[in-house]
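So this first bit is one chain, no partners, the form predicted on its own, shown in structure tokens.
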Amino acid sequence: MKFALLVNEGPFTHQASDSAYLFAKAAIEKGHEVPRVFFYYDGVNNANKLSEPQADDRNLVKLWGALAKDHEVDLVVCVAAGMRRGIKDDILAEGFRISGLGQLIEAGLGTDRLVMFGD
């Protein structure tokens, strides 16, 4: 089965980012495909390479980047939501790219399920 994910919450303020990452990782480990994750609203903060969690905390930005690299997952940050929150190309973490809502529509149409995390 192919899953596309929509992440609407940031990595340090809500469980949604953790849940989305763990869902994607588990789906891939079970043999499913996750061709695209779309980050919207505060979810765009998952792509901020300037975030530095404490040493004993998980680093979701790096975890998402590693997932993208290891499993060819397309991590797309909404351009409009990103600009509202200061997420631009120069602070985009490795593995992420900026694009428009058309990428979300395409992901929904090209997969079996679109799973949303966060409000």
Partner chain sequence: MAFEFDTEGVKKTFTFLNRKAPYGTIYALEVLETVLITAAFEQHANIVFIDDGVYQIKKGQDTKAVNMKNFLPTYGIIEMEKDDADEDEDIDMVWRIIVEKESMEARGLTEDDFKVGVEVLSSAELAEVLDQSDVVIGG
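Note that the coordinates shown come from a computational prediction; the quantities given were computed from them, not determined experimentally. Positions refer to the first chain, counted from 1.
Beyond what is shown, the protein has a form predicted together with its partner chain; the following relates to that form.
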So, in the predicted bound form, is P35 in contact with its partner chain at a 4.5 angstroms heavy atom limit?
yes
Against its partner chain in the predicted bound form, would R84 count as a contact residue? Criterion: heavy atoms within 4.5 Å.
yes
I'd like to check something about L92: if you look in the predicted bound form, is any of its heavy atoms closer than or equal to 4.5 Å to a heavy atom of its partner chain?
no
For V73, is any heavy atom within 4.5 Å of its partner chain in the predicted bound form, or not?
yes
Just to make sure I understand: among 98-119, which residues lie within 4.5 Å of its partner chain in the predicted bound form, judging by heavy atoms?
L101, G102, L104, I105, E106, A107, G108, L109, G110, T111, L114, M116, D119
